[in-house]
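What follows is a single chain, given as structure tokens, in the form predicted on its own.
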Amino acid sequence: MNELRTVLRKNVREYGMYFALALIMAVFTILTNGRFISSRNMANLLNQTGYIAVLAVGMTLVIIIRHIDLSVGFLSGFLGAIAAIALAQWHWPAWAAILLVLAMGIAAGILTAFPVARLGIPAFVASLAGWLIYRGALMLVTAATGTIIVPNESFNAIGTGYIPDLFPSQTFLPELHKTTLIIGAIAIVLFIIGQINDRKRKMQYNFEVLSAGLFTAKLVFISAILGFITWILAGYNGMSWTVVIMLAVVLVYDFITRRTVIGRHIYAVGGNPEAAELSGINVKNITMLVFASMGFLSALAGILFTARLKSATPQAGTLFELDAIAAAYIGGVSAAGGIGTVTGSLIGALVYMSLMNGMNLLGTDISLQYVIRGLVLLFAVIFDVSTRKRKS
């Protein structure tokens, strides 16, 4: 028990958001008489979380290097509108429209980064200029027709479709999506193997690790959660393409940040830019790379949102940047830079969207919802500052 208290105290930032997510889900499950935890609502919640989680991953990296990007919301809306125009008016195939929008997103990220990295202009100012530019650009491209309906079903399936069940059966668990169950089982096995290998590597270099008992309890607990989520999703159409894309982004970026030289450089720049520069890291190039990545993920979020609505609207992207920033902070990224994880940003997005989803199910007034969301963000920042002071 003493070891458990010590572990929780040392990792309060990491474990706090998991407790927050569990508490929010438990409270809303009780208040909605189980509707919150139903298969249908869980599937909708994850689909709603998709584009915010993708943005939050990129925003986490931006905040880690001590910057901010306010342009990502309307950039997502604008690029989603470009995709809709390419599909509805230019009659492009879905793959071509997607490639165009992703390339434009990378270019937009580089344009935002240039005055920041090369001219020393604060990212707040440079990205605020982008916020205004993309807001105007979105209004311009949608001015003629207003809402642009996307007729391409292949594109729309990205936001509304589900992976096919490769093993349909009317006799064995006919009400469940078997492919989703198999994917969930594989994910649990890979998670356990990865955790065991990671623990072995730490022990080889004499790093501190959990005792065998606590480590086993951690594996059982997280595996049970993954299994429960898999079972819930399998009960309603299975896993959506939005969830597949969201998880792919998280896995790729988690690998980059934890296992590659670029990832170590990103954290080094966030921890101390001057020391990173003196150690041979090109801070300007890292800044350009992170903002280019943010532009790419903004484009991907725009695609997910447009495909989900099957249309592009003049209001698309409104407050997306604030939702992404909130999710990143709730997920444990530090306002001081140098601290934060990709998986944390995913949990932060789930906490934030679970809060919104639960309030909508309860019929909470929209004005009160904004107040509660603001208080949650404020608490996350206060929690960050207090934990850093405690460690220092």
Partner chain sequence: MSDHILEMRHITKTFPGVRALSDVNFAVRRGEIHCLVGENGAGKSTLMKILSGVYPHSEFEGSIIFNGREVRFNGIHDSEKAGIGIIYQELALVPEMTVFENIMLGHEIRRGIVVDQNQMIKKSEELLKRVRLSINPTMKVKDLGIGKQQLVEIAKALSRNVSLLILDEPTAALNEDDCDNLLNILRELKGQGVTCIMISHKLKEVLSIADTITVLRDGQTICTMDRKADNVNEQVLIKHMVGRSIENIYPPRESKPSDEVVLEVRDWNAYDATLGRKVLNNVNFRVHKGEIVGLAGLVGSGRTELARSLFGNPDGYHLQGEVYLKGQKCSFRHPKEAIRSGLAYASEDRKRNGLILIQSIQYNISLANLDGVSRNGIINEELDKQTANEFVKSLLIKTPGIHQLVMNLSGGNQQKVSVAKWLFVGPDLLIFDEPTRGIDVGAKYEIYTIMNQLVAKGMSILMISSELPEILGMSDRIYVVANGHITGELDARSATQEAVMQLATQY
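Quantities reported herein were computed from a predicted structural model and do not represent experimental measurements. Think of the rigid core as the biggest set of C-alphas that the two forms share within 1.5 Å after superposition. Positions refer to the first chain, counted from 1.
Beyond what is shown, the protein has a form predicted together with its partner chain; the following relates to that form.
A.B. asks: Name the single residue among Leu100, Ile85, Ile281, Ile110 that comes within 4.5 Å of its partner chain in the predicted bound form, judging by heavy atoms.
C.D. replies: The residue in contact is Ile281.
A.B. asks: Have a look at His265, Arg308, Arg135, Lys178 for me and say which one sits with a heavy atom within 4.5 Å of its partner chain in the predicted bound form.
C.D. replies: Checking each option against its partner chain in the predicted bound form, the one that comes within 4.5 Å is His265.
A.B. asks: At 4.5 angstroms, heavy atoms only, are Arg259, Asn272 and Ala275 all close to its partner chain in the predicted bound form?
C.D. replies: Checked in the predicted bound form: all three residues contact its partner chain.
A.B. asks: In the predicted bound form, does Met42 come within 4.5 Å of its partner chain, counting heavy atoms only?
C.D. replies: Contact with its partner chain, no.
A.B. asks: Is there a heavy atom of Glu153 no more than 4.5 Å from a heavy atom of its partner chain in the predicted bound form?
C.D. replies: Heavy-atom contact with its partner chain at 4.5 Å: absent for Glu153.
A.B. asks: So, Met353 and its partner chain: in the predicted bound form, are they within 4.5 Å at any heavy atom pair?
C.D. replies: No, Met353 is distant from the partner.
A.B. asks: Can Ile37 be called a contact residue for its partner chain in the predicted bound form at 4.5 Å between heavy atoms?
C.D. replies: No.
A.B. asks: If we take heavy atoms and a 4.5 Å cut-off, which stretch out of 334-342, 360-368, 48-56, 319-327 is in contact with its partner chain in the predicted bound form?
C.D. replies: Stretch 334-342 is the one.
A.B. asks: Quick one: which residues from 293-314 get a non-hydrogen atom within 4.5 Å of its partner chain in the predicted bound form?
C.D. replies: Contacts from 293-314: none.
A.B. asks: Tell me, please, whether between the shown form and the other one the C-alpha of Lys284 is shifted by 2 Å or more, with the rigid core used for superposition.
C.D. replies: Stays below the 2 Å threshold, so no.
A.B. asks: Superposing on the rigid core, I want to see if Lys200 changes position between the shown form and the other one - specifically a Cα shift of 2 Å or more.
C.D. replies: Lys200: C-alpha displaced by 2 Å or more between the shown form and the other one.
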